[in-house]
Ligand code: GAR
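Listed next as structure tokens is one chain, alone, in the form predicted alone.
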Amino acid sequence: MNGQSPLRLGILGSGKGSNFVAIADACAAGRINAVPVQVLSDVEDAGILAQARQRNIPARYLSPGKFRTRLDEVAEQTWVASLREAQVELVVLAGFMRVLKIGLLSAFAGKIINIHPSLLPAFPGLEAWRQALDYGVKVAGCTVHFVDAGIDSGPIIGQQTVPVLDGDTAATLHERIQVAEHELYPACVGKLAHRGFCVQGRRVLGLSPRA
């Protein structure tokens, strides 16, 4: 792709890894100029690890430490060291169920992205699709954003809308939002891989094409 080196991705996940699969398959097909070089999980038998190994992508379980909702300080340094050893340029959260703290955020400042199942800033936090349905909105969707110290509060990279249909349940709406996620996330990674990126305040600025 115009002689640019592929953007090196480190993927963090806790579950089955459907968004990772969408990104990895887009990379393998040459649709985006990026390559997953490491997959890390805080769950020993997470499906995302199996999906990575099927694709011959290095995949490891790393202990999260003593806390339930975040990495402890010792564990966090192990995760940072592993990502650095793999020369990761962009950290991609794909269903990673822990809040990131200062260790990872500072080590990869402005280089961590996440996908959230709502049109942020609406409905941050858990089960956003259920929040949207309960609120009665007519349009839901998903958002790819940079990660900062807040909850789903970082600068927005891209969004995709999903209509809320009459008769939708939380499960059916979530299923359609996931389909949109699998389109949006690879597209946003591809945009970052092509143009490079810089965060200024709440704006994401495209730079010149990557060398």
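Note that residue numbering begins at 1 and tracks the sequence as displayed. Just so we're clear, the structure is a prediction, and the values are computed from it rather than from any experiment.
In what follows, reference is made to the form predicted together with glycinamide ribonucleotide, a form of this protein that is not presented.
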Heavy atoms within 4.5 Å of glycinamide ribonucleotide in the predicted complex: does A107 have any?
no
Is there a heavy atom of G10 no more than 4.5 Å from a heavy atom of glycinamide ribonucleotide in the predicted complex?
no
4.5 Å heavy atom contact, R70 and glycinamide ribonucleotide in the predicted complex:
no
Against glycinamide ribonucleotide in the predicted complex, would D168 count as a contact residue? Criterion: heavy atoms within 4.5 Å.
no
Since the chain is shown here on its own, which stretch among 176-184, 54-62, 37-45, 154-162 would lie within 4.5 Å of glycinamide ribonucleotide in the predicted complex, judged by heavy atoms?
176-184
Contacts from 76-97 to glycinamide ribonucleotide in the predicted complex (any heavy atom within 4.5 Å), listed N to C, are A94, G95, M97
